[in-house]
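Here's a solo chain for you in structure tokens, the form predicted alone.
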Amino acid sequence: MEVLNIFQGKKKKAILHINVSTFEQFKAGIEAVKESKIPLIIGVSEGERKFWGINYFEDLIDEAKERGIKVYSNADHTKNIKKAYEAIDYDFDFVLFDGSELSFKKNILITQKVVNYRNKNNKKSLIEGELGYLTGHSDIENTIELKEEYFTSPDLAKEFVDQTKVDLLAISVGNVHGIPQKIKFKNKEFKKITLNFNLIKEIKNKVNLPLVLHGGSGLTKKDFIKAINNGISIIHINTEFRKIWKEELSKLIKEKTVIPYKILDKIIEKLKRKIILYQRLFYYV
């Protein structure tokens, strides 16, 4: 796929991935790409696909592509194999089969089936596997406990990639879902996420394909740049955009107008500006 060519050059860069649950979020992504001219991956989890209607969401993506807008669809965190097959049948650009809660052997087995299904049906979806466990949820949380055994092993990553033939790999290197107020790790409490950049580099040296960093909300500019320089190619940010959406809606809903677009346009603009900020940061490292 064309988007993968971005990662082939000598200059390291990454693509932003956002999740969308509302049309405002989706439109903000489209408007951001139109202004920045930088590709964007728009993801929907199993729950988000059910909320949207998978055909409706993919129609919106296809319509944007027909207008020359460089957006790509991702069936994010798909844990049900039938849902993965469905996303492939709908020609999603990316499909993440998330077997991170399964045993290593079962994760390989089912991920292999997803890749084989894509190949057998001559589909173009890029298949992303996940190895290592990401704790937390895409929400604001008080405390998240992080354990060392959640981290991705470089040796197992190589074995996983060699056996499954996935196109991309999502890894766990200290990243978590959501925006936690505190993180517990090795019997200590921390106020911010700390990524293991050396581990990212080790994994990248073992597997020669794009690495995906989920759980980007709450990371700093310095974190992102260092992660990209050590081998990250796609960065997911979700909770931060959800937070902006809710905070802006809560503030604007108090205005006297009952005209929806006068409220929602302001939310779209706020989201768009933040998306462009991250697009430029990741793309022009």
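Residue indices: 1-based, along the sequence shown. All figures in this text were calculated on a predicted structure; none of them were measured in a lab.
Missing here is the form predicted together with 1,3-dihydroxyacetonephosphate; even so, the following discussion is about that form.
Contact with 1,3-dihydroxyacetonephosphate in the predicted complex, defined as any heavy atom within 4.5 Å, is confined among 176 to 184, 87 to 95, 194 to 202, 115 to 123 to 176 to 184. Using a 4.5 angstroms limit between non-hydrogen atoms, T239 touches 1,3-dihydroxyacetonephosphate in the predicted complex. Although the partner is absent here, G215 is a contact residue: one of its heavy atoms lies within 4.5 angstroms of 1,3-dihydroxyacetonephosphate in the predicted complex. Although the partner is absent from this view, Q25 stays clear of 1,3-dihydroxyacetonephosphate in the predicted complex, with no non-hydrogen atom inside 4.5 angstroms. Interface residue remark: S138 is counted as part of the site for 1,3-dihydroxyacetonephosphate in the predicted complex, having a heavy atom within 4.5 Å.
For the partner-free chain shown, D76, H77 of 74 to 106 come within 4.5 angstroms of 1,3-dihydroxyacetonephosphate in the predicted complex, judged by any non-hydrogen atom.
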